[in-house]
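Only one chain is included here, represented as C-alpha coordinates and corresponding to the form predicted on its own.
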(Lines give C-alpha, C1' and ligand atoms only; values in the text may rest on other atoms or scores of the structure.)
Protein backbone atom coordinates (compact mmCIF):
# COMPACT_ATOMS: atom_id res chain seq x y z
CA UNK A 1 0.00 0.00 0.00
CA UNK A 2 1.23 3.51 -0.80
CA UNK A 3 -0.07 6.94 0.16
CA UNK A 4 -1.80 8.88 -2.62
CA UNK A 5 -4.12 11.86 -3.03
CA UNK A 6 -7.33 10.79 -4.76
CA UNK A 7 -10.38 12.61 -6.12
CA UNK A 8 -13.71 10.75 -5.89
CA UNK A 9 -15.86 13.65 -7.15
CA UNK A 10 -15.11 16.94 -8.88
CA UNK A 11 -15.11 20.03 -6.69
CA UNK A 12 -13.02 22.36 -4.54
CA UNK A 13 -9.76 21.58 -2.76
CA UNK A 14 -11.67 19.65 -0.09
CA UNK A 15 -12.22 16.75 -2.54
CA UNK A 16 -8.49 15.91 -2.41
CA UNK A 17 -8.35 12.89 -0.06
CA UNK A 18 -5.19 11.21 1.22
CA UNK A 19 -5.64 7.43 1.04
CA UNK A 20 -3.64 4.22 0.96
CA UNK A 21 -3.83 2.52 -2.43
CA UNK A 22 -2.58 -0.82 -3.71
CA UNK A 23 0.32 -0.58 -6.19
CA UNK A 24 0.78 -3.64 -8.42
CA UNK A 25 4.18 -4.60 -9.88
CA UNK A 26 5.18 -2.55 -12.93
CA UNK A 27 3.67 -3.93 -16.12
CA UNK A 28 5.38 -4.41 -19.46
CA UNK A 29 7.11 -1.22 -20.54
CA UNK A 30 6.76 0.36 -17.09
CA UNK A 31 9.11 1.28 -14.25
CA UNK A 32 8.25 1.75 -10.59
CA UNK A 33 9.36 5.14 -9.28
CA UNK A 34 9.84 5.97 -5.60
CA UNK A 35 8.88 9.60 -5.78
CA UNK A 36 11.04 12.15 -4.00
CA UNK A 37 9.47 15.35 -5.33
CA UNK A 38 6.10 16.11 -6.93
CA UNK A 39 5.35 19.26 -8.88
CA UNK A 40 2.16 21.26 -8.37
CA UNK A 41 0.66 23.05 -11.37
CA UNK A 42 -2.45 25.05 -12.15
CA UNK A 43 -3.60 22.29 -14.47
CA UNK A 44 -3.98 20.12 -11.35
CA UNK A 45 -6.86 22.36 -10.27
CA UNK A 46 -8.54 21.96 -13.69
CA UNK A 47 -8.69 18.18 -13.28
CA UNK A 48 -9.79 18.42 -9.66
CA UNK A 49 -12.61 20.86 -10.43
CA UNK A 50 -13.78 18.97 -13.53
CA UNK A 51 -12.86 21.72 -16.01
CA UNK A 52 -10.68 19.00 -17.53
CA UNK A 53 -12.28 15.58 -17.27
CA UNK A 54 -10.30 12.64 -15.92
CA UNK A 55 -10.65 9.32 -17.77
CA UNK A 56 -12.54 7.95 -14.75
CA UNK A 57 -13.34 8.56 -11.10
CA UNK A 58 -11.74 8.18 -8.64
CA UNK A 59 -8.32 9.32 -9.86
CA UNK A 60 -4.98 10.25 -8.32
CA UNK A 61 -4.17 13.90 -8.91
CA UNK A 62 -0.91 15.41 -10.17
CA UNK A 63 0.87 15.68 -13.50
CA UNK A 64 4.65 15.77 -12.91
CA UNK A 65 7.18 14.25 -10.52
CA UNK A 66 10.71 12.94 -10.10
CA UNK A 67 12.28 10.09 -8.20
CA UNK A 68 14.27 6.86 -8.32
CA UNK A 69 13.53 3.68 -10.28
CA UNK A 70 13.02 0.76 -7.87
CA UNK A 71 11.64 -1.91 -10.22
CA UNK A 72 11.57 -2.65 -13.95
CA UNK A 73 8.70 -4.12 -15.90
CA UNK A 74 9.07 -6.68 -18.67
CA UNK A 75 10.77 -5.44 -21.80
CA UNK A 76 12.21 -2.23 -20.33
CA UNK A 77 15.56 -1.27 -21.86
CA UNK A 78 17.73 1.80 -21.50
CA UNK A 79 16.87 2.29 -17.83
CA UNK A 80 18.26 0.63 -14.70
CA UNK A 81 17.46 0.31 -11.01
CA UNK A 82 18.58 3.44 -9.19
CA UNK A 83 18.27 5.75 -12.20
CA UNK A 84 16.88 9.17 -11.34
CA UNK A 85 14.04 10.12 -13.65
CA UNK A 86 11.54 12.90 -14.15
CA UNK A 87 8.34 12.76 -16.13
CA UNK A 88 5.06 14.41 -17.04
CA UNK A 89 1.98 12.21 -16.99
CA UNK A 90 -1.73 12.88 -17.18
CA UNK A 91 -2.68 12.29 -13.53
CA UNK A 92 -1.31 9.88 -10.95
CA UNK A 93 1.62 11.90 -9.58
CA UNK A 94 0.37 12.82 -6.08
CA UNK A 95 1.65 9.52 -4.64
CA UNK A 96 4.61 8.17 -2.69
CA UNK A 97 5.28 5.56 -5.40
CA UNK A 98 3.80 4.79 -8.78
CA UNK A 99 4.34 2.87 -12.01
CA UNK A 100 5.34 5.02 -14.96
CA UNK A 101 5.44 4.12 -18.67
CA UNK A 102 9.09 4.16 -19.65
CA UNK A 103 8.08 5.99 -22.84
CA UNK A 104 7.51 9.19 -20.84
CA UNK A 105 10.41 8.90 -18.37
CA UNK A 106 13.49 11.07 -18.84
CA UNK A 107 16.83 10.42 -17.15
CA UNK A 108 17.98 13.34 -15.03
CA UNK A 109 21.51 14.72 -15.55
CA UNK A 110 23.81 15.27 -12.58
CA UNK A 111 23.29 19.03 -12.76
CA UNK A 112 19.53 18.77 -12.15
CA UNK A 113 18.23 17.70 -8.71
CA UNK A 114 15.02 15.74 -8.13
CA UNK A 115 13.33 18.85 -6.69
CA UNK A 116 14.35 21.00 -9.63
CA UNK A 117 13.20 18.32 -12.07
CA UNK A 118 9.80 18.02 -10.37
CA UNK A 119 9.49 21.81 -10.55
CA UNK A 120 10.33 22.06 -14.26
CA UNK A 121 9.22 18.94 -16.10
CA UNK A 122 5.77 20.31 -16.92
CA UNK A 123 6.36 24.04 -16.66
CA UNK A 124 9.83 23.91 -18.16
CA UNK A 125 8.96 21.70 -21.11
CA UNK A 126 5.89 23.90 -21.67
CA UNK A 127 8.20 26.91 -21.73
CA UNK A 128 10.49 25.17 -24.20
CA UNK A 129 7.78 24.31 -26.71
CA UNK A 130 6.29 27.80 -26.44
CA UNK A 131 9.59 29.60 -27.00
CA UNK A 132 11.31 27.21 -29.39
CA UNK A 133 8.56 25.34 -31.25
CA UNK A 134 5.21 27.20 -31.17
CA UNK A 135 6.94 30.47 -32.07
CA UNK A 136 10.72 30.44 -32.26
CA UNK A 137 11.75 33.54 -30.34
CA UNK A 138 14.79 35.32 -31.77
CA UNK A 139 16.91 38.33 -30.79
CA UNK A 140 15.02 41.58 -31.30
CA UNK A 141 11.54 40.10 -30.83
CA UNK A 142 9.11 41.73 -28.41
CA UNK A 143 6.93 39.27 -26.51
CA UNK A 144 4.07 39.54 -24.03
CA UNK A 145 3.77 37.02 -21.21
CA UNK A 146 0.62 36.99 -19.11
CA UNK A 147 0.97 35.95 -15.45
CA UNK A 148 4.67 36.72 -15.64
CA UNK A 149 5.23 35.90 -11.95
CA UNK A 150 3.62 32.46 -12.17
CA UNK A 151 5.36 29.12 -12.56
CA UNK A 152 5.60 29.16 -16.35
CA UNK A 153 5.92 32.94 -16.41
CA UNK A 154 9.12 33.14 -14.36
CA UNK A 155 10.78 30.49 -16.50
CA UNK A 156 9.59 31.93 -19.79
CA UNK A 157 10.66 35.49 -18.99
CA UNK A 158 14.18 34.37 -18.07
CA UNK A 159 14.54 32.13 -21.10
CA UNK A 160 13.12 34.71 -23.52
CA UNK A 161 15.52 37.33 -22.16
CA UNK A 162 18.37 34.85 -22.58
CA UNK A 163 17.30 34.48 -26.24
CA UNK A 164 17.56 38.23 -26.79
CA UNK A 165 13.89 39.24 -26.68
CA UNK A 166 12.33 42.30 -25.09
CA UNK A 167 9.95 40.89 -22.49
CA UNK A 168 6.68 42.51 -21.40
CA UNK A 169 4.76 40.83 -18.60
CA UNK A 170 1.42 41.27 -16.85
CA UNK A 171 1.07 40.72 -13.11
CA UNK A 172 -1.52 41.39 -10.40
CA UNK A 173 0.49 43.16 -7.70
CA UNK A 174 3.59 45.26 -7.03
CA UNK A 175 5.28 42.33 -5.27
CA UNK A 176 4.76 40.15 -8.33
CA UNK A 177 5.93 43.01 -10.56
CA UNK A 178 9.25 43.13 -8.72
CA UNK A 179 9.59 39.34 -8.97
CA UNK A 180 8.94 39.49 -12.71
CA UNK A 181 11.60 42.19 -13.13
CA UNK A 182 14.10 40.06 -11.24
CA UNK A 183 13.42 37.24 -13.69
CA UNK A 184 13.97 38.99 -16.99
CA UNK A 185 10.87 41.13 -17.50
CA UNK A 186 11.83 44.45 -19.14
CA UNK A 187 8.38 46.04 -18.75
CA UNK A 188 5.73 45.05 -16.23
CA UNK A 189 2.02 45.87 -16.52
CA UNK A 190 -0.27 45.80 -13.47
CA UNK A 191 -3.34 44.42 -15.19
CA UNK A 192 -5.71 45.35 -12.34
CA UNK A 193 -4.76 49.02 -12.66
CA UNK A 194 -3.93 49.39 -16.36
CA UNK A 195 -5.37 48.35 -19.71
CA UNK A 196 -2.65 45.94 -20.80
CA UNK A 197 -3.35 46.28 -24.54
CA UNK A 198 -3.04 50.07 -24.38
CA UNK A 199 0.14 49.81 -22.30
CA UNK A 200 1.70 47.38 -24.76
CA UNK A 201 1.01 49.85 -27.56
CA UNK A 202 2.66 52.63 -25.51
CA UNK A 203 5.67 50.52 -24.53
CA UNK A 204 6.34 49.40 -28.11
CA UNK A 205 5.64 52.74 -29.74
CA UNK A 206 2.80 51.16 -31.67
CA UNK A 207 4.87 48.30 -33.10
CA UNK A 208 3.26 45.72 -30.78
CA UNK A 209 4.48 42.14 -30.24
CA UNK A 210 5.56 39.26 -32.44
CA UNK A 211 4.02 36.76 -30.00
CA UNK A 212 1.73 36.72 -26.96
CA UNK A 213 1.80 33.81 -24.52
CA UNK A 214 -1.56 33.59 -22.77
CA UNK A 215 -2.28 31.02 -20.08
CA UNK A 216 -5.06 33.12 -18.55
CA UNK A 217 -7.71 32.48 -21.19
CA UNK A 218 -11.17 34.00 -21.12
CA UNK A 219 -10.46 37.44 -19.63
CA UNK A 220 -7.34 38.22 -21.66
CA UNK A 221 -7.92 36.59 -25.05
CA UNK A 222 -9.38 39.51 -27.01
CA UNK A 223 -6.97 42.01 -25.47
CA UNK A 224 -4.10 39.69 -26.35
CA UNK A 225 -5.06 39.85 -30.03
CA UNK A 226 -4.82 43.64 -29.84
CA UNK A 227 -1.21 43.33 -28.63
CA UNK A 228 0.00 41.58 -31.78
CA UNK A 229 1.85 43.07 -34.72
CA UNK A 230 0.75 42.00 -38.20
CA UNK A 231 1.31 38.25 -38.71
CA UNK A 232 1.77 37.87 -34.97
CA UNK A 233 1.11 34.67 -33.04
CA UNK A 234 -1.17 34.21 -30.04
CA UNK A 235 -0.33 31.02 -28.15
CA UNK A 236 -3.28 30.31 -25.85
CA UNK A 237 -1.95 27.54 -23.61
CA UNK A 238 -4.12 27.73 -20.47
CA UNK A 239 -7.45 28.79 -19.00
CA UNK A 240 -6.79 30.19 -15.53
CA UNK A 241 -9.75 32.60 -15.86
CA UNK A 242 -11.94 30.10 -17.72
CA UNK A 243 -12.06 28.74 -21.27
CA UNK A 244 -11.78 31.15 -24.19
CA UNK A 245 -15.24 31.92 -25.55
CA UNK A 246 -16.11 31.10 -29.15
CA UNK A 247 -15.02 33.80 -31.60
CA UNK A 248 -15.27 34.45 -35.31
CA UNK A 249 -12.09 33.55 -37.15
CA UNK A 250 -12.83 36.51 -39.40
CA UNK A 251 -11.62 38.97 -36.75
CA UNK A 252 -8.03 37.81 -37.30
CA UNK A 253 -7.87 39.39 -40.75
CA UNK A 254 -8.43 43.10 -39.92
CA UNK A 255 -6.25 42.74 -36.82
CA UNK A 256 -3.27 41.92 -39.02
CA UNK A 257 -3.68 38.40 -40.48
CA UNK A 258 -2.94 36.96 -37.06
CA UNK A 259 -2.24 33.37 -36.08
CA UNK A 260 -3.90 31.74 -33.05
CA UNK A 261 -2.89 28.34 -31.73
CA UNK A 262 -3.88 26.17 -28.76
CA UNK A 263 -0.77 24.05 -28.22
CA UNK A 264 -0.40 21.29 -25.63
CA UNK A 265 2.61 19.62 -24.07
CA UNK A 266 1.06 16.25 -24.85
CA UNK A 267 1.27 16.91 -28.57
CA UNK A 268 4.81 18.29 -28.44
CA UNK A 269 6.11 15.30 -26.46
CA UNK A 270 4.09 12.62 -28.26
CA UNK A 271 7.19 11.33 -30.05
CA UNK A 272 10.22 10.05 -28.14
CA UNK A 273 12.64 12.13 -30.22
CA UNK A 274 10.59 15.27 -29.50
CA UNK A 275 10.51 14.48 -25.76
CA UNK A 276 14.27 13.92 -25.69
CA UNK A 277 14.93 17.11 -27.66
CA UNK A 278 12.70 19.28 -25.47
CA UNK A 279 13.96 17.89 -22.16
CA UNK A 280 17.63 18.09 -23.21
CA UNK A 281 17.22 21.74 -24.22
CA UNK A 282 15.49 22.47 -20.91
CA UNK A 283 18.10 20.71 -18.78
CA UNK A 284 20.89 22.53 -20.63
CA UNK A 285 19.59 26.05 -19.96
CA UNK A 286 18.86 25.18 -16.31
CA UNK A 287 22.20 23.48 -15.66
CA UNK A 288 24.02 26.42 -17.29
CA UNK A 289 22.33 28.90 -14.97
CA UNK A 290 20.74 30.83 -17.83
CA UNK A 291 17.35 29.92 -16.34
CA UNK A 292 17.20 29.77 -12.54
CA UNK A 293 14.49 27.83 -10.73
CA UNK A 294 12.87 29.28 -7.63
CA UNK A 295 11.07 26.77 -5.39
CA UNK A 296 9.12 29.10 -3.14
CA UNK A 297 6.87 26.64 -1.35
CA UNK A 298 7.31 23.09 -0.10
CA UNK A 299 4.59 21.00 1.53
CA UNK A 300 3.76 17.42 2.41
CA UNK A 301 1.53 15.31 0.19
CA UNK A 302 -1.05 15.36 3.00
CA UNK A 303 -1.29 19.16 2.65
CA UNK A 304 -2.32 19.06 -1.02
CA UNK A 305 -5.74 20.64 -0.36
CA UNK A 306 -4.17 23.65 1.37
CA UNK A 307 -1.69 24.04 -1.48
CA UNK A 308 -4.55 24.09 -4.02
CA UNK A 309 -6.29 26.82 -1.99
CA UNK A 310 -3.14 28.93 -2.11
CA UNK A 311 -2.70 28.32 -5.83
CA UNK A 312 -6.26 29.27 -6.76
CA UNK A 313 -6.12 32.29 -4.44
CA UNK A 314 -3.13 33.60 -6.46
CA UNK A 315 -1.14 33.36 -3.22
CA UNK A 316 1.90 31.66 -4.74
CA UNK A 317 4.80 32.57 -6.99
CA UNK A 318 7.37 30.31 -8.58
CA UNK A 319 7.39 26.56 -8.12
CA UNK A 320 5.57 24.45 -5.50
CA UNK A 321 6.83 21.01 -4.47
CA UNK A 322 5.05 18.25 -2.56
CA UNK A 323 7.01 15.48 -0.84
CA UNK A 324 5.62 12.13 0.35
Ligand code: NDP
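Numbering follows the first chain given and starts at 1. Since we're looking at a predicted model, the values are computed, not measured.
Only in words, not in the display: the form predicted together with this ligand, which the text now covers.
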Exercise. Identify, from the list 241, 195, 182, 90, the residue with a heavy atom within 4.5 Å of this ligand in the predicted bound form.
Key: 241
Quiz item: Though this ligand is not shown, can you say which of 291, 265, 258, 69 has a heavy atom within 4.5 Å of it in the predicted bound form?
Solution: 265
Practice problem: Spell out, yes or no, whether the shortest heavy atom distance between residue 223 and this ligand in the predicted bound form is within 4.5 Å. | Solution: no
Quiz item: Does this ligand come within 4.5 Å of any heavy atom of residue 152 in the predicted bound form?
Solution: yes
Quiz prompt | Any non-hydrogen atom of residue 176 within 4.5 angstroms of this ligand in the predicted bound form | solution = yes
Exercise. Answer for residue 42 alone: is it within 4.5 Å of this ligand in the predicted bound form, judged on heavy atom distances?
Key: yes
Quiz item: Using a 4.5 Å heavy atom cut-off, which stretch among 25-33, 269-277, 42-50, 282-290 contacts this ligand in the predicted bound form?
Solution: 42-50
Quiz prompt | Residues from 200-232 in contact with this ligand (non-hydrogen atom within 4.5 Å) in the predicted bound form | solution = 215, 216
